[in-house]
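Coming up is one lone chain in structure tokens, specifically the form predicted on its own.
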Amino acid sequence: MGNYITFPDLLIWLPLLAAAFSFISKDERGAKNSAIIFSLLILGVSVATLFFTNDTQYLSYNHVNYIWLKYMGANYYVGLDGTGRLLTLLTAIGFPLIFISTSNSKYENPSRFYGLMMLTQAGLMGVFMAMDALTFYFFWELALIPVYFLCSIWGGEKRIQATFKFFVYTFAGSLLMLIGIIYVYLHTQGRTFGDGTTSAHSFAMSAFYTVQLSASEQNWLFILFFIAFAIKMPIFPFHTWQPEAYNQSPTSVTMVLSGIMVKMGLFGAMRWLIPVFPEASAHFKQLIVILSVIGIVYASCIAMMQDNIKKLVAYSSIAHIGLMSAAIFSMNQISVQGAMMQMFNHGINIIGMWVVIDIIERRTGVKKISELSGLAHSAPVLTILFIVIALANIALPLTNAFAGEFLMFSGLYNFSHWMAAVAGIGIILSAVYTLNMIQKVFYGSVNSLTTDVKDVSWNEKLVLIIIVGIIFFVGIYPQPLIELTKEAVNNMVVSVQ
């Protein structure tokens, strides 16, 4: 593998190349166009991977495995399986939607801004395709570091405090995960290379999956990895960095954080945490489901109290991620399948929510719900498109989130009737704060801020129509997502039985 260009090569090297072009661009137009054009090329590659899912026939197209640090047993190994395809597709869809919808936004040093955004995409692609623990950690950091600079340079007035908190949380989590990776690595079997040389240990995912650890070792290692992933999701009580970071970050960066980057934590739990530490996962699953359900209700209650529309959506996202986390740690096939689908659907919906919020903020200059009213009169197209996205976000039937949420609740009910009942409160509260926000922002009489608001421009309308199209297509016909991920779901569930 690796004698010619493969899909994983393209999904990582194209955003790196785009970053290079953006960094050397001398004007805003060149940097922006480089980012948009390359992101559309990446989307084309990601869609093409869906036609090469048979690894028996197309193994060499879907995997890249180079010797990296031979005597340490580390390979640069990236590949596409069902989960990887789903999340790289979400990443590939998300970035052009973000760039096109925010193309009217102005940034200081745009070449640096778009360059860092494309570096973030390269890191995300690598995380979702990594099949070597050291490769995974490398891309994990590559995805996080550019976001730190994006938030701290182009964020709001309180960006330094918000970014510092984000950095401390994520750095601490990454350090704990690195300690865990090294410990597991030192307990793996070595590997033999083609030239006859050997390494004492291995970072390969297959070596991590077969490592022999005692129950006590699994327990404390599970905690190290889980903290890193829980911070990234985030779930209660590791969530406190998130609302202010979302509020202070540029909205395009917030879209990446909430639509795509939070999936790193869920993906890490499914790919590295549960299969590597199956006994510890079974031991801690009850506690994690309880924490996740607490987070659903807690975040939903806080969202109901918000007057800041960005913080409302931030807490809404915490509640949705809490349900996905609870479903994953219920560890039955139905709930895991639902969580897998919902990772994609939540990303699409939340990016749509942020697109509308960005439009409102740029048109009116405010984020307070109490200062907005009557937008339906001045921006009727925006109102219609937003209502569809908002109703999808609360999993109305025939929208994309319904099937995944139904499966997650079914699996959670099989795990614990009480947990499913309490989590169901979050669905009710979600409808309450979403409909309340729609009523206050879009209906009622216009005021001085909203009377002259222009409706959506062509680029904003294009992005929102695409999002609404995905919402209805997946809502009516979710089977392609199920088929894409069912093998990965079976493998994960089998690993803990």
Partner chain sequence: MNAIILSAICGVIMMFCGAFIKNKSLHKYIAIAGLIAIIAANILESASGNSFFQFDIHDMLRMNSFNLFFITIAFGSTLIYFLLSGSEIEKVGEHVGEYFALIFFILCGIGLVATFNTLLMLFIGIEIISIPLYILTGSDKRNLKSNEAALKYFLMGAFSTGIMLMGIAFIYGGNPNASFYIDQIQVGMGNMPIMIAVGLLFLLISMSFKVSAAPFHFWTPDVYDGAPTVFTSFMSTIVKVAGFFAFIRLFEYAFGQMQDQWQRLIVVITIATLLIGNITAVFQQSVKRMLAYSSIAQAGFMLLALFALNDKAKEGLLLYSAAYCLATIGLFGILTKMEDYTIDGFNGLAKEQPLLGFAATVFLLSLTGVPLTAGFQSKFFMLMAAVQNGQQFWLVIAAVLFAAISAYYYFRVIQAIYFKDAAQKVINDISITMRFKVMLTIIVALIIIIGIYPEIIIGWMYR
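Since we're looking at a predicted model, the values are computed, not measured. Residue numbers count along the first chain shown, from 1.
In what follows, reference is made to the form predicted in complex with the partner chain, a form of this protein that is not presented.
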message: For the three residues Phe284, Tyr298 and Lys310, which mark the spot I'm curious about, does each lie within 4.5 Å of the partner chain in the predicted complex through at least one heavy atom?
response: no
query: Looking at Phe238, Phe222, Phe138, Phe402, which has any heavy atom no more than 4.5 Å from the partner chain in the predicted complex?
result: Phe138
statement: Residue within 4.5 Å of the partner chain in the predicted complex by heavy atom, from Leu175, Leu396, Val366, Ile384, is Leu175
- line: Given 239-247, 355-363, 175-183, 340-348, the stretch touching the partner chain in the predicted complex at heavy atoms within 4.5 Å is 175-183
field: Residue contact check: Phe113 to the partner chain in the predicted complex, 4.5 Å heavy atom
entry: no
task: Mark Phe167 yes when one of its heavy atoms lies within 4.5 Å of a heavy atom of the partner chain in the predicted complex, and no otherwise.
output: yes
- request: Using a 4.5 Å heavy atom cut-off, state whether Leu142 contacts the partner chain in the predicted complex.
  value: yes
message: Considering non-hydrogen atoms and a 4.5 Å limit, does the partner chain approach Tyr209 in the predicted complex?
response: no
- request: Go through 68-95 residue by residue and record those having a heavy atom within 4.5 Å of the partner chain in the predicted complex; state none if no residue qualifies.
  value: Trp68, Leu69, Lys70, Tyr71, Met72
